[in-house]
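A single chain, nothing else alongside it, follows as structure tokens in the form predicted alone.
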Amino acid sequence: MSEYDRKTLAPTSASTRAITSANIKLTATLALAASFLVACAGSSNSAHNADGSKRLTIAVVPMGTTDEYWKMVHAGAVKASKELGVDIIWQGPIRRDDRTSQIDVVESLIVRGVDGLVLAPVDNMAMRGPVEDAKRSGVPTVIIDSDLQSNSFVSFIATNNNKGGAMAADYLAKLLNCKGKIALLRNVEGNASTDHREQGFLDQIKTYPGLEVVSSNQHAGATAESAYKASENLLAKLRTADGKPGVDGIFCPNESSTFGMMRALQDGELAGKIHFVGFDSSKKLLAAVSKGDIDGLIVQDPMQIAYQGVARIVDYLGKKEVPPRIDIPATLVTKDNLEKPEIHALVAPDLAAMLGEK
């Protein structure tokens, strides 16, 4: 019951016994209207399709809601909902490191009684409890984008992040002719997807004896701003006594860390002088690839990841068999292939149209 309802239905005091008959009728009318709105809101999960079947409500919970990557995830979920005839609820934390907020979101959705969850966990351990709670409540979960240390979900749909990291290592090695000093700026601790990209990168670099990793223990943090500061500190630390960069190649494992490093290289007049490979894309990152400030981006297909997440939870609810793991391949985007139609469709979809924003 809302605070308004509590006040409306509270026992009358001596000072309110003189209320007029008209006011009593008005109060009763407002209370009746409020109860009607609550009843209507509570009936959303019982909507039906034209053929009489129950219309499913699927909650899609991203790590964050501000990065362009997550807007593409949203667009993929919307596309699936339209094609499959289901409703989606899109709700998640603003910051991609806000574990508490994501836990609260999932728990509220369980109480709300959604039919299924599609979740990109902020933390591979912290979200175990909420997912297990969802299972006990009869709400199945498909995990997307980043793994979860649990057996309580239906399927895991993501890029093979180890392979994505290895792709970055191979391309950086090619750019450097397999010789030089390498730095890795990590994302945040506990994020399974970027942890795997970082490990895949480091494991693959070891296969090139001429490449030396001179820094791999610095973290960018959850935002582009924290990544920028971390990048500036890393570049300053690596500079030699005579002012040279002290590093020949850099890898960053996600959009925000890549953007922060790009800005630091540009501001330090090092863009284009140090070979740089990032992960994920945005308009500004793609512009940097076109300009030559970034050599390459390992790009996922977030729309397809989200589409498959919604489709597979619908399959599960329809008693169809769902594979426990679905890999969505990553793609290397460079200046040479940036203008190809298939690359343009992957990295620059019309999100505003897809999300009904224009």
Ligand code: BDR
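All values reported here derive from a predicted model rather than from experimental measurement. Each residue number is its position in the shown sequence, starting from 1.
Omitted here: the form predicted together with the named molecule. The next part is about that form.
Quiz item: Here the chain is shown alone; which of Ile58, Met63, Met303, Val289 has a heavy atom within 4.5 Å of the named molecule in the predicted bound form?
Solution: Result of the distance check: Met63.
Quiz item: Does the named molecule get within 4.5 angstroms of any non-hydrogen atom of Arg186 in the predicted bound form?
Solution: Looking in the predicted bound form, residue contacts with the named molecule do not include Arg186, since no heavy atom lies within 4.5 Å.
Exercise. Decide whether Tyr316 counts as a contact residue for the named molecule in the predicted bound form under a heavy atom distance cut-off of 4.5 Å.
Key: The answer is no: Tyr316 has no heavy atom within 4.5 Å of the named molecule.
Quiz item: Might Asp295 be said to contact the named molecule in the predicted bound form, defining contact as any heavy atom within 4.5 Å?
Solution: Answer no; every heavy atom of Asp295 is more than 4.5 Å from the named molecule in the predicted bound form.
Practice problem: Consider Tyr69 of the chain shown here, and say whether it contacts the named molecule in the predicted bound form, taking contact as heavy atoms within 4.5 Å. | Solution: The answer is yes: Tyr69 has a heavy atom within 4.5 Å of the named molecule.
Practice problem: Would you mind picking out the stretch of 167 to 175, 193 to 201, 210 to 218, 261 to 269 that comes within 4.5 angstroms of the named molecule in the predicted bound form, counting non-hydrogen atoms? | Solution: Only one stretch qualifies here: 193 to 201.
Exercise. Check each residue of 259 to 280 against the named molecule in the predicted bound form and list those with a heavy atom within 4.5 Å, in sequence order.
Key: Residue within 4.5 Å: Asp280, and no other.
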